[in-house]
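Below you'll find only one chain, the form predicted alone, shown as structure tokens.
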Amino acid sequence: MDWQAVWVTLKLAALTTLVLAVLGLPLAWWLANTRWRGRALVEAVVALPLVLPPTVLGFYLLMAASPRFAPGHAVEQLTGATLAFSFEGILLASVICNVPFAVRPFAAALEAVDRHLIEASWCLGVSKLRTFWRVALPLAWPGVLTGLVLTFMHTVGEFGVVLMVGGNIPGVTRTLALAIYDDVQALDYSSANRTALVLLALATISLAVTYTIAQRRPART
């Protein structure tokens, strides 16, 4: 087992999940409540990583991270470092790639919350922010948990975008998915199999626990 790759993978997955929990929940709340005509366009942009080939998404993110283009140049001017072929670069790419895996379950869960409860909270003078935290989020938490687990596990298994943006640098951007690829390239199938089995077991257990919790959600009345 490549323990450096384990550390990079878990750190990447945890940070990606944290960022999307912070940024994705407000976006999902807005999508669940807005009546703006342009909502469909926002939803299309959110879902775009689902249909784009990882190489296409990775290519454009690599170009954006390059100092030759405005975003990458601005980062280099501010920090003195480049996003391309760095951990920060693959973190940014992972966040963008995983937006639909977080936001879509979040939005579906929040949209399923009884609207009468939300409006009753507002009528009682509770602010929209406090209503979100005290009413909507507790009722929607199984769906939110599903989004967090999907985000974490998809990041753990991400290959194409990470390879395009970060390369395969041991201890920096080399994840478990890339380690499996390297083992197969080296014809070390036993090592590849061990790593793949760990990822398979982790994914199965995570999803089983998530669905078990979701099934215990009280029925709406």
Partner chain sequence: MVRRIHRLKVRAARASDVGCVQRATAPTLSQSAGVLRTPYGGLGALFVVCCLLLAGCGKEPSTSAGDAAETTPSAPPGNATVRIAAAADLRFALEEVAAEFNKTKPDVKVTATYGSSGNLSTQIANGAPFDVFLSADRSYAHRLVEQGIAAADSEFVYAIGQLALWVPSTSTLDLDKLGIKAVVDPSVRKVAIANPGHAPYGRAAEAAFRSFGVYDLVRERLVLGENVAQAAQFAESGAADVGVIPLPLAMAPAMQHKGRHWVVPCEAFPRLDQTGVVLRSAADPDAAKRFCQFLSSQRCREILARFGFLSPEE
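Residue numbers count along the first chain shown, from 1. A quick note: this is a predicted structure, and the numbers were derived from the prediction, not measured.
Below: the form predicted together with the partner chain, not depicted.
Notebook entry, point to check: Does the partner chain come within 4.5 Å of any heavy atom of L124 in the model of the complex?
Noted result: Judged by the heavy-atom cut-off of 4.5 Å, L124 is in contact with the partner chain in the model of the complex.
Item checked: Contact of P67 with the partner chain in the model of the complex (heavy atom, 4.5 Å) -> Close contact exists here: in the model of the complex, P67 approaches the partner chain to within 4.5 Å, heavy atoms only.
Notebook entry, point to check: P49 near the partner chain in the model of the complex, any heavy atom under 4.5 Å?
Noted result: P49 lies outside the contact set for the partner chain.
Notebook entry, point to check: Is D114 close enough to touch the partner chain in the model of the complex, meaning at least one heavy atom pair within 4.5 Å?
Noted result: Because a heavy atom of D114 falls inside 4.5 Å of the partner chain in the model of the complex, the answer is yes.
Next item on the list: With the partner chain left out here, work out from 37-45, 191-199, 178-186, 50-58 which stretch has heavy atoms within 4.5 Å of it in the model of the complex.
Entry: This holds for exactly one stretch, 178-186.
Notebook entry, point to check: in the model of the complex, which residues of 80-113 put a heavy atom within 4.5 Å of the partner chain?
Noted result: T82, A84, F85, in sequence order.
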